[in-house]
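Okay, here we've got a single chain as C-alpha cells, the form predicted on its own, with questions on binding and movement later.
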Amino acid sequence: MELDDRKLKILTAIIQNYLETGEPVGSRTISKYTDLNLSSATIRNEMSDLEELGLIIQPHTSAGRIPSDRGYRLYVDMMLKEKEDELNNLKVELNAKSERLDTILKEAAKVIADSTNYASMITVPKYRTKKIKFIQLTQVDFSTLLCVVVLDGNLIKNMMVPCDEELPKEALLKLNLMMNTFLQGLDMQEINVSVMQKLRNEANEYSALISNILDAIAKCLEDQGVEAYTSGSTNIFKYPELNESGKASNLLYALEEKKELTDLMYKEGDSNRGIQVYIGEENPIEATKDCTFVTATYHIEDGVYGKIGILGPRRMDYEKVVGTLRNLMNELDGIFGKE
C-alpha cells in the first residue's frame, strides 16, 4: 500500500502519539504534532481517508483515532525496511572505515616510535556519549533474539537475548516499534525506572522479555576496556638507566599488558585536549617510576576521541616529543575531519 507524504506523516504522528499516551489522537493534537502546518479540518479529512483505508479506527463516537493492526503493519514495515537499508549501508561503510582506521593508527604508532626513539601507544577511539540511534530485534531461533543497537557516531553493537518462545511476527514488529519509540535519543543514564515501566506496561505479556533486552543493552554499553596499538617497545633497551635490575622487562610487560597505561591516559577523559606529562614519581604506575610518560588526545568528531602516549626516559627530548604529538594530533584531526 502506498500513501502520499501527507498521509504518511499524519499516520506516523497518530501512531507515535498513541504509543506515548495510550489515548486516542485527535486532529488538533496532530496539527501541533507534525510539521505539515495544516488546519484541523484538513487533517480530519485526511484522517477520514486513513480510516477508510483501514489504517486507523475510531474507538468511540466523537473520540480521536487509534492505529489499527493494518496501520501498525504498514508503519512498522516501512520503518524496518528503511532502518534495515540504513543498517546494511552503515555496516559496509563502517567496515571500510574500521580497516582504514586500524591501518592509520598502527602506522601512526610506528611513526611516533621511529621519530622519537621511544615507545609509543595509540588507542582506538572511544565514544564519550552513547545515545541510542536505532534498535533492531530479529528472531534467530525459538529461544533467542538478536538485538542490534546503533549508537550516535554509527557505532554498532550486537547482543543475543534469551526468550521463552518463538514470537509471532506481529509481536516482534510491535516490540521493534516500542523499543525505538521509547529509547531513540537516550543513553543508558536516561533510561530510568519510568521509561522502563512504560515499556513493560506497553509490552503486556512480553514485559519480562523487555527486561531481558534492556539488561542486554545495558551490559553491552558498559565500558569494555580500551584497544590500543604499541610500537617501539625495544627502544627501551637503548637507554642504560632503563635496563637496570629488570626495569626493561617490567616496562615491556606494562606496554604489552596496556591496561595500566591506558587507564592513566584516560584519567583526564576528553575534557583536556592539551598534552599531559608525567615525570618519574608523578607516574602512578610502579614500572614507569623511572620514566616520563607524555599523553595527548585526538578527536575524530564530537564525543569520539582517542589517546596517544609516548614512554621514554626522564631525559627524553621533551621539545621533540611535544612537537611530534602536536603534529600528529593535527594530522589525525585533518584526516578524520574529511571522512
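Numbers for residues come from their place in the sequence shown, where the first is 1. Since the model is a prediction, treat every value here as computed from it, not as a measurement.
One more form of this protein should be noted, the form predicted together with the DNA, which is absent from this view; the next part is about it.
Self-check item: Location of the DNA contact in the predicted bound form, chosen stretch of 275-283, 288-296, 64-72, 308-316 [non-hydrogen atom, 4.5 Å]
Solution: Of the stretches listed, the one contacting the partner is 64-72.
Quiz item: Any of the heavy atoms of residue 15 lying within 4.5 Å of the DNA in the predicted bound form?
Solution: Answer no; every heavy atom of residue 15 is more than 4.5 Å from the DNA in the predicted bound form.
Quiz item: Hey, in the predicted bound form, does residue 25 get a heavy atom within 4.5 angstroms of the DNA?
Solution: Residue 25: yes, in contact with the DNA in the predicted bound form.
Quiz item: If you check in the predicted bound form, is residue 47 within 4.5 Å of the DNA, heavy atoms only?
Solution: Yes - in the predicted bound form, heavy atoms of residue 47 and the DNA come within 4.5 Å of each other.
Exercise. Report whether the minimum heavy atom distance between residue 300 and the DNA in the predicted bound form is within 4.5 Å.
Key: So residue 300 does not count as contacting the DNA.
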